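Shown next as structure tokens: one chain only, the form predicted on its own.
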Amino acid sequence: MVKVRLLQLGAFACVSALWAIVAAAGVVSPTALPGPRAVTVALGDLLAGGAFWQAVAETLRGAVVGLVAAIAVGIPVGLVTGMYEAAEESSRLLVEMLRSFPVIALLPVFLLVLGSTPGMKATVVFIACVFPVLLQAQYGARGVSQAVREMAHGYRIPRLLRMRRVVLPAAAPSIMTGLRLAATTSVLVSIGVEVLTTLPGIGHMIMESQQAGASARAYAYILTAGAIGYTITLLAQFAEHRLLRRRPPARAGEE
């Protein structure tokens, strides 16, 4: 494990050194690619200001609201369509069509209907996140063996109890995989919406910095977005390991 960490740190140091060399050599304009030192100084200045933390809070607020709504809808619908073949077959065409739309391409429609509001941002995040959660829950529910289904049916276990005690625990590893994917997606989509609209947040601050010619500050916000995404991934993996520590890991191909 230590060796892996050292290799990862070494790769990070190599990329940083290459970045510094390219910036110092003037291969790319300093406006387009400031050096690591300038970006670090800009990030330090941002961390000391309130506007930075307000932008982070706005981005996370939109991501969390949309993600929670996606979980509230995606898991129950996925479990039901995974348990009952008729429900899965009747909804398959609709789900496949809706998940095929690129969510950013629908942004003009949402702007027209909902306006440039936090609710619009949360709606876009919801649409981007609900299908990974739904499909992973559906996949997990379908994984309940026929023998277990017949046993539950034979003992006449009520449907809600069967869902809570049999299907949900069996589908938990697959659901956690969907939640991990959706959590990272929620932040990325939230920032993307802010870049394309006037809504406050990290994406808006990146565009504002770029238009003001403050490229180092723009890169500092971009690095912040990457750090948030990485932190969410680590937290999701930690939660997954804690919740499923007594269960076998998700099978390959579930992601």
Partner chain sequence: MPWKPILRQLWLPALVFLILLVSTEGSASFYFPPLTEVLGALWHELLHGSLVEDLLFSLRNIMAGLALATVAGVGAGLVIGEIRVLRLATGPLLDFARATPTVGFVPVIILTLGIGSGPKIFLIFLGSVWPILLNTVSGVRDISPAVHETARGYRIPWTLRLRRVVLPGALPQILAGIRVALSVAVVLMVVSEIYGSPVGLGNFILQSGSSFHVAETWAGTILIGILGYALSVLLLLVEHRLLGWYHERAPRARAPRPIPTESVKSNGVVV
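Please read these numbers as outputs of a predicted model, since none were measured by experiment. Under this definition, the rigid core comprises the largest set of C-alpha atoms superposing within 1.5 Å between the forms. Residue numbers count along the first chain shown, from 1.
Beyond the structure shown, there is the form predicted together with its partner chain, which is absent from this document and is the topic of what follows.
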{"query": "Residues 94, 113 and 226 all lining its partner chain in the predicted bound form, heavy atom within 4.5 Å", "finding": "yes"}
{"query": "Residue 155: touches its partner chain in the predicted bound form, heavy atom cutoff 4.5 angstroms", "finding": "no"}
{"query": "Interface membership of residue 2, its partner chain in the predicted bound form, 4.5 Å heavy atom rule", "finding": "no"}
{"query": "4.5 Å heavy atom contact, residue 192 to its partner chain in the predicted bound form", "finding": "yes"}
{"query": "Proximity of residue 52 to its partner chain in the predicted bound form, heavy atoms at 4.5 Å", "finding": "no"}
{"query": "Contact residue in the predicted bound form, chosen from 60, 218, 43, 199 - any heavy atom within 4.5 Å of its partner chain", "finding": "218"}
{"query": "Proximity to its partner chain in the predicted bound form, single hit among 120, 135, 170, 80 (heavy atom within 4.5 Å)", "finding": "135"}
{"query": "Within 15-47, the residues that have a heavy atom no more than 4.5 Å from its partner chain in the predicted bound form", "finding": "15, 31, 32"}
{"query": "Cα displacement of residue 18 between this form and the one not shown reaching 2 Å, rigid core superposed", "finding": "no"}
{"query": "Residue 9: Cα shift of 2 Å or greater between this form and the one not shown (core-aligned)", "finding": "yes"}
